[in-house]
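In the form predicted on its own, a lone chain appears below as structure tokens.
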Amino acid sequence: MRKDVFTFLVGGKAGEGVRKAGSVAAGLFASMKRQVFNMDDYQSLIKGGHNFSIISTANRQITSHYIKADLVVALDKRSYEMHKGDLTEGGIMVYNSDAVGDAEGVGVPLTKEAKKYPNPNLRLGVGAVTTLAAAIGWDKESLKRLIEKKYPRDIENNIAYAMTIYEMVNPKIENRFKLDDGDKERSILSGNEAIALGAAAGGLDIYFAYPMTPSSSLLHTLATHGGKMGLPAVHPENEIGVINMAIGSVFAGARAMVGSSGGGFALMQEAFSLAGMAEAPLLCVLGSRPGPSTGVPTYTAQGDLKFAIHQGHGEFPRIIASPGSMEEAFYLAAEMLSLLWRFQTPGILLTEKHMAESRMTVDIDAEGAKWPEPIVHGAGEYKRYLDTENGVSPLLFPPSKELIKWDSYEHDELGITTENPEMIARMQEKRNRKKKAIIDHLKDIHTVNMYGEKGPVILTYGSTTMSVLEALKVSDIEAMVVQPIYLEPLPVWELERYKKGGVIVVEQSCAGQFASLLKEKVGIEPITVIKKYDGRPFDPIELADKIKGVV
């Protein structure tokens, strides 16, 4: 076991409660007031295949999972074969002897015992949690309370099964890993949960989405909890309906958000341009996954960076931002809502599957969420597209005695269709002036995160930031990590100081899109680009070795 990190891995088939076991394990560590990072790896299958969940925990902030585990529970033979090489020195493999047979490690007849109860496959995850509890020294009463809380359906059978497995496994691995309690109990959030709650805290009125991995859990979160906040989640028939209904809601004065991924967001491009022409402040969440086309939909990538920056046809300002942690995802969702309503333009909160679905302990103050303060029409004739110095026109919402006209066609200040060349040019210039206003505003707010004070400069963004920070921590590498939060407009004024050379870029793109953006916009020429594009996030130890190989 690493001196300050303990890692638990549970693997099995889809339908065996693997992800649930991972979630319960994360909650177990959090209840010990420890900090947690939980990553789920799963195939695009309802049943079968191979799923595994990794939970790393420490008594300090931990920003990544570790693939090498101190305790592995393999529920099937495939998991045993795939993860027997993923043990740390001194680690323990506990396996389902009914599925694996005789093998190295500690065998437990998880399936045989589960068949004594209804739905035996779903019972296996309870066995994995029980094994973890025994390994870290929990007694039977503590385990019983955990099962009652986390597995309330068919509770008596779950408890009976857990007690049986505990009696079998405890003599072999009892208290093998001594974990100290931490300083305080924290909430655990995924990136999507943080975005949902942050947007709600920032004044979101309505959410529209059609399910698409990895954005689906945003819809699930708001469908489950939105009613308590007076925030409906709407599931239209397709992505085109999603974004057009959202623009209609914005016209009526509702702060709306949409979410999608990959091909689903591609279907929204035309309406994204409609939002640009109509000057609709619409927040879009784009959850990246490997492409092109369907790609591998349940894995992670940063290949949608330029897709997001150049979203929509025609020229109009847009704001693109990407959070570097779950806590930042919370605050950034609210901040993006505020910015888009201030400047009346569409924007994208860009995430990745690793950010969207991984879970970690967080410290969040809901009072810190920013609230939109749009410019609203006062007295006199209302001109929806009034040509102002900064390009931002006053808003007015129905019901109203004034004519409120939004238009997808080029238009004059009143919103009336025009093909007059002078007016076309004037409206193009009006919208374009917003970009300068946006940049001027961004210069007065926090747009770039910087970690460390000396050493080589590492530029990264999005969820890869978490991997980089953990890699530096685990290997005691001294470096400066620079993470732009905003990608369009890119905060060139903050990044120009790194043009002098010696910069390392870390990203999850085969083509090196982030490095290309830095070169195009800032003139930064990195000495190397460390890339990973196999659908899996960086392991901090492997990433640390690559960084040390450069510095």
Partner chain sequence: MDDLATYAENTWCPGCGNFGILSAFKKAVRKLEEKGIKRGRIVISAGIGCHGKIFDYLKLSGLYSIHGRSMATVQGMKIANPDLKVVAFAGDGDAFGEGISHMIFAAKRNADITVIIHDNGVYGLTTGQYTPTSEKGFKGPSTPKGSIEEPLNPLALMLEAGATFVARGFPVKLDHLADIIVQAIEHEGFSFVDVLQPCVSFYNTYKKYNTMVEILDHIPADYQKAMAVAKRGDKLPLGVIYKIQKPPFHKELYGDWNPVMKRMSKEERRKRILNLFQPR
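Numbering follows the first chain given and starts at 1. What you see is a predicted model; the values in this text were computed from it and never measured.
One more form of this protein, predicted in complex with the partner chain, exists but is not displayed; see below.
In the model of the complex, no residue of the candidate spot (86, 165 and 494) has a heavy atom lying within 4.5 Å of the partner chain. When you look in the model of the complex, the only residue of 204, 332, 438, 350 with a non-hydrogen atom within 4.5 Å of the partner chain is 204. Only one of 375, 254, 386, 103 lies close to the partner chain in the model of the complex, with a heavy atom inside 4.5 Å, and it is 254.
Contact check for residue 455: every heavy atom lies farther than 4.5 Å from the partner chain in the model of the complex.
Not displayed here, the partner chain is kept clear of residue 148 by more than 4.5 Å at the level of heavy atoms in the model of the complex. Although the partner is absent here, residue 415 lies within 4.5 Å of the partner chain in the model of the complex, judged by heavy atoms. Looking at residue 80, you'd find every heavy atom of it more than 4.5 angstroms from the partner chain in the model of the complex.
Heavy atoms within 4.5 Å of the partner chain in the model of the complex map, among the stretches 103 to 111, 175 to 183, 233 to 241, 136 to 144, onto 233 to 241 alone. In sequence order, 364, 366, 367, 369, 370, 371 are the residues of 363 to 389 having a heavy atom within 4.5 Å of the partner chain in the model of the complex; the partner itself is omitted from this view.
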